[in-house]
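Here's a solo chain for you in C-alpha cells, the form predicted on its own.
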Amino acid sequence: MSSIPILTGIADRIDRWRRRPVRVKWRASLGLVGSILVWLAVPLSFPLVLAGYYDEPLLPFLVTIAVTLGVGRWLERLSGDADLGGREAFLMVALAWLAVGLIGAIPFLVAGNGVIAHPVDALFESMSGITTTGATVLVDFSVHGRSILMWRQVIQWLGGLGVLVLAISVLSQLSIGGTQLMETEAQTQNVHKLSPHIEETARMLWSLYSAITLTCAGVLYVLNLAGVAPGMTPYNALAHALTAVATAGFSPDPGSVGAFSRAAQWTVIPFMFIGATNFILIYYFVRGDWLRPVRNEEFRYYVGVVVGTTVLMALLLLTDPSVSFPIEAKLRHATFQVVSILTTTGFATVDFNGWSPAAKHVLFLLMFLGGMAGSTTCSIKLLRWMIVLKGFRRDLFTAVHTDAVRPIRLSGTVVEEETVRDVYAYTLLSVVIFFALTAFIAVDGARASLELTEFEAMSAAAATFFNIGPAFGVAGPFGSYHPFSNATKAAMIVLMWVGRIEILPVFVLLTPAYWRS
C-alpha cells in the first residue's frame, strides 16, 4: 500500500509532462524530409536507365521511384509551416538520413537476389551506403545486376557531401533558412562565408564535388584507353570515382580496387585524399588562392599524419619477410591502405589480414582519426583531435601556472571554450559508444558461435560506428558482414546512422527538454 502514493506521484509527473506543449514543429521537419524523398527520384533514374541499357529488370527502380514519390508527396502535405528552427533542423537531419536509408533498401528487396533479399541485410547495405560506411554484407557479387551494384555506388555518392546539402540547393524556392542545416551537416562555421545565400553555397559545393568526381572517372577511363588500367571501363571508372571522392568504399568488384592495375590504384589515392579535405579550402584553391590550404593548420596536420603514417607503414611492410611483394607494391599498398582507412574510404588493394600485428594495429588506430572537418570523411576527425591535444597541453601548462590565461588557437584564431567543451564531450561519447558496441559484438558473436577475437570485435565496432567499412577477420577487406547475427547487424545499422550524423542530432532527440518547453 505504501507504494501507491509513489506510483500516483510518478503518474502525475508523466501526465503533467504529456500536457506540456510540444515545442518542435515536427510537421515542418517531416515536410522537408518529404521534399528530399521526392528529389531522390532523380538519382534513382540513373540505375533505371542502366537497367534498361543492360536489359536487366526495371521493377526494382520503378517500385522505389513510386514509393519515394508517394511517401515524399504525402510528407510534403503535412508541412504547413516552412519556418525551420534549430530544433526542427536536428529532427530533419536525423529523419532524412534514416528515410533515405530505408528507401535505399527497396531496390535490393524487390530485386530479390543474394543475401540482400533479406530485410535486415538490405537495410544494412543501404544504411552502409548512405552513411558512406562501405561495409558490405554481399557474399556473391555475380548474382546482382550492374544496375543494382551501381545503385550502391550512387547512394554513397549522395551521402558523401550530404543529402541535405543537395536538398538545400534544390529547395531554395521555399526560402528556408538553411544555414543551420548546412552547419549541422558540414560541421563548420565557415560555409556561409562563401556566399551570402545558402542555396548558392550548396550549389557551389555540389558543383565542385561533381567536377572532382567526373575528373576522377575521366582519368581512370583515359588510363584504360592508354592500356595501363585494363578493366576500367566507363562503368567501373564512374563507379569507383563516385565512391572514391565520397570517401565511401563500395566497389562493384569483390576485389575492390585491388582487382585493377597499379596505375588505377595510384590514381585513386589522391582522390580519396581530396575527398577528405575541407571543401571550403578546395574551393578557395580552385579559385586561385593556392596558399589558403598551406596557411590552414588543420590541413598541415592532415598532410603530416598521412605522410608520417605512410612512412611508418612502408617501413613495417619493407621489413616484414612474410610480405612477399616487390618494393613498389609494398609502397603502393602501404600508401593506399593508410589513405583509405584514414579518410574512412575503405577501398582495399590487398588483404591486410595477413600483415604483421604492428601493421594491423596502425591501421586500427587510423580508424579513430578521420580526415578534415567540412569534408566527406567520417570518424572523430582530425580537427577534434587537435583541439583535444591542445587542450591537454594547456591543462598541463595551467597546472603549473595557475594564474595563466591561455586560450586554444587554431590557425591563429581563438577557439571558444564552449566549442572546446563540445569537442571533449563528443570525443568521450564516441569512445564510450565504441566500447559498448565492441562488448555487444563480442557477446552476441559468442552466442551466435561466430569465432571472433577481441581485436576483430573492436575493429568491426570501429569500422561500422566510425563509417570506415572493412575491419579485420571475417569482415576484412575482401570479407563480408553477412556472418554476423541479425541482432548485431541491427545494432550496426543504428550506429552507422548515429555515427554519420555525428551523434548529437540523435541524442538530442532522446532528451525530454528537446520536445517540451
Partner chain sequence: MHVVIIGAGQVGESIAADLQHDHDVVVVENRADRADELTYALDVLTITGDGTELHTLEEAGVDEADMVLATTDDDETNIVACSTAKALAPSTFTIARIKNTKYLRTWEHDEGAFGIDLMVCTNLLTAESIVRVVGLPAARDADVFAGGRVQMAEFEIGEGSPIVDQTVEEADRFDSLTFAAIIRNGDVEVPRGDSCLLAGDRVVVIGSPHSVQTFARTIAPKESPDEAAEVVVIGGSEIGYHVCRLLEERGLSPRLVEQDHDRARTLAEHLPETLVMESDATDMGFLEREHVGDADILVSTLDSDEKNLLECLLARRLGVERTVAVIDRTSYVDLFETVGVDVGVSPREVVAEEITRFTQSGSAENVAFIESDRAEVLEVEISADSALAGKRIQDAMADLPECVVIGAITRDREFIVPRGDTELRAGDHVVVFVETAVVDEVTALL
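Keep in mind that this is a model prediction, so the values were computed, not measured. Positions refer to the first chain, counted from 1.
There is also a form predicted in complex with the partner chain; it is not shown, and the following applies to it.
The candidate stretches are 403-411, 214-222, 142-150, 338-346, and the one lying within 4.5 Å of the partner chain in the predicted complex by heavy atoms is 403-411. A residue is said to contact a partner when one of its heavy atoms sits within 4.5 Å of a partner heavy atom; residue 74 fails this definition for the partner chain in the predicted complex, lying far away. Within 4.5 Å of any heavy atom of the partner chain in the predicted complex lies no heavy atom of residue 290.
Taking the partner from the other structure, the partner chain in the predicted complex has no heavy atom within 4.5 Å of any heavy atom of residue 424. For the chain shown alone, residue 395 is not a contact residue for the partner chain in the predicted complex, no non-hydrogen atom being within 4.5 angstroms. 415 is the sole member of 388, 98, 415, 109 with a non-hydrogen atom lying within 4.5 angstroms of the partner chain in the predicted complex. No residues of 325-362 lie near the partner chain in the predicted complex, the criterion being any heavy atom within 4.5 Å.
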